[in-house]
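Same chain, two forms, each on its own as structure tokens: structure 1, then structure 2.
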Structure 1
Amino acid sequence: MSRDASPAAAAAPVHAFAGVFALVAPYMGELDRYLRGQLGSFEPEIRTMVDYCIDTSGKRIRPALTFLSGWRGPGTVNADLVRAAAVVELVHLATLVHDDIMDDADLRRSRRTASREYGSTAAVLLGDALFAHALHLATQFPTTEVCAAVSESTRRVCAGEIVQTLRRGTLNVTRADYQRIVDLKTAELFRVSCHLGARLAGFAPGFVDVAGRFGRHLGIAYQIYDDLVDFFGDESRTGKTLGTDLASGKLTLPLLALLERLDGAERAALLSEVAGEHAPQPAERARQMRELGVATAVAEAVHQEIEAARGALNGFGDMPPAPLLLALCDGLVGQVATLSVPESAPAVSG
């Protein structure tokens, strides 16, 4: 999952999409009311726990994607969009609760994780209950379509996480594996969030497909950006502890690209850090990434996916959501520019 629910994000909305999200603020307000209104549907014994999780929910990127993809202009809030957004957000929250157990994480948005607050056993079940309720809300649409789309996406998200988990600390990860993991664990829920927004707003099937494709590429771009932040972000700005991917043995794109450019003792040293045999040196690795053009190359990979997202909208520029979705792309480009990554690859880059 993208780590988009971090301490600083709570304090200041300095994230990639803040500008565009302001447009759908009335929707976000409705979503909040809707989610709080769901508390009463949970068994009384677990309401406090559910409330605690909803409170630590992060930036709500996925609901915003639903609202933006279903945008028909300011005015009345479409209740179907709010319900669909609540479904994707609850699924996302459920995965965060389970992620924090698996990562043995202490904090999320400056608060103790559900796992720390209630114990990992209760947190496993709490995630399950959130997920079950998300799917239950999805059954309140007239047909099985939303529930089918979301349950399939969720299975794919889990599959992506499983693949990543089983590869953690191993050196058995290729670029193709990375792409597959990102496609499943992050891009899938971005995709379905956009798809449902366009679908429930009543746009024609052609645009619904386009919105889904846009979401998928934006999701890939966002995850690669997030993996880059782990080496080149500013802790005070992002509010994230950096260097965690190397420390947890996750071979993300920056690390894969660095490995491709190292040999001999340097390569062996990095491999032993990934395998957890030696203490990770993220600052030193970031320095190497800058020197060897890895940082620039990975930033370029983000830009390529953003271009693919923009390209998906080709020929649909007159649809109401198009300018908003394109603005999301601009926002992410702007965020990449804030990273301490050299603008162009140095001569030594491979």
Structure 2
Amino acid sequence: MSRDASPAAAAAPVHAFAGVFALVAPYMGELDRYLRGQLGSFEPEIRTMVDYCIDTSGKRIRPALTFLSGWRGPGTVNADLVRAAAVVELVHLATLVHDDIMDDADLRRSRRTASREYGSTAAVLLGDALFAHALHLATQFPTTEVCAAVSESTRRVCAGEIVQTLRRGTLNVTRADYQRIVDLKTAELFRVSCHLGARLAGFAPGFVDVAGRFGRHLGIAYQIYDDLVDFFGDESRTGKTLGTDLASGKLTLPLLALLERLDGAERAALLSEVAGEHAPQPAERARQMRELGVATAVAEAVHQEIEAARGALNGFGDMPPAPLLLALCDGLVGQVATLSVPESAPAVSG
């Protein structure tokens, strides 16, 4: 199944975030049609629930990474990339369903979360069904390579979520622990999205490896940014419940950096909130993060990972996907700049 890509989309400026998504708009259209077409594979009793999850999938950055890593220029839409993108998107949707249960979140993409809409018990099983169907689609490729890669990544994502869940409300979390959790639960799916895109597009193994490294660093940057959003984002803009990390006892990088700067009664108060002994005070913690330089330091951590992602592409700038992937880095830098962190937060040159 292939369709001609729009010449108008191909003319979009590749170094603009919106322009990159305009380029892959034909792919995104095919992905949406493909995912809708999968509804009939689910049992009639849960199709509405699956459709509800597909409707709240947001920017679809992981599928975009698959398409961009496999970009060879405007032309026909590669059906293998669409199928692979559907696989990673379904895995991601499953993790979102489970995350929202554990975070007791009300909103996802400005709509009620699946757990609020259908109840947490049903939502757990809904996430399982999405995982299962993603792996079923992965078996439809002519080799076992895709299924093996997705299965391993899915296991790693689940392992990251398990580790984070077991550490909720505990105070024995280091920066190394945080890095490990992020590497597993977020960066891994970014990595495999890029890996599959480059591999299925037929690029040489060297670039496939580079694309995977790029995805990993971008995924780490994206998660740190998301953790910053939890304190400095605007719920009306993000469309999801904020302030859930502190409330659910997750020691993310902003909280770890704040703990390193607090002492005495203030540090003890924050620890008691993480442990669930006292009501969380996210607004007060955000104020302290601004005053103590935490917000700036965490923004810099995002920028460092973005630079590492850019660095992974060194020597491959002439490859068709490279300028498009770099534009995603520019876009994330822009998103960090929209947060209400101090204006002294370091900028990253293009």
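Small disclaimer: the values here were computed from a predicted structure and weren't measured. Each residue is numbered by where it sits in the sequence of structure 1, with counting from 1. The term rigid core refers to the maximal set of C-alpha atoms that superpose within 1.5 Å between the two forms.
(message) Quick check on the two chains I just loaded: which one is the form predicted on its own, 1 or 2?
(response) It is the second structure that is the form predicted on its own.
(request) Tell me, please, whether between structure 1 and structure 2 the C-alpha of H217 is shifted by 2 Å or more, with the rigid core used for superposition. (result) It does not, since the H217 C-alpha is displaced less than 2 Å between structure 1 and structure 2 after the core fit.
(message) Does R287 shift between structure 1 and structure 2 by 2 angstroms or more at the C-alpha, the core having been superposed?
(response) Shift of 2 Å or more: no.
(message) Taking the rigid core as the reference frame, tell me whether W71 has a CA displacement of 2 angstroms or more between structure 1 and structure 2.
(response) No, the C-alpha position differs by under 2 Å between structure 1 and structure 2.
(message) Using a rigid core fit, what is the CA shift at P44 between structure 1 and structure 2, in angstrom?
(response) P44 is displaced by 3.7 Å at its C-alpha.
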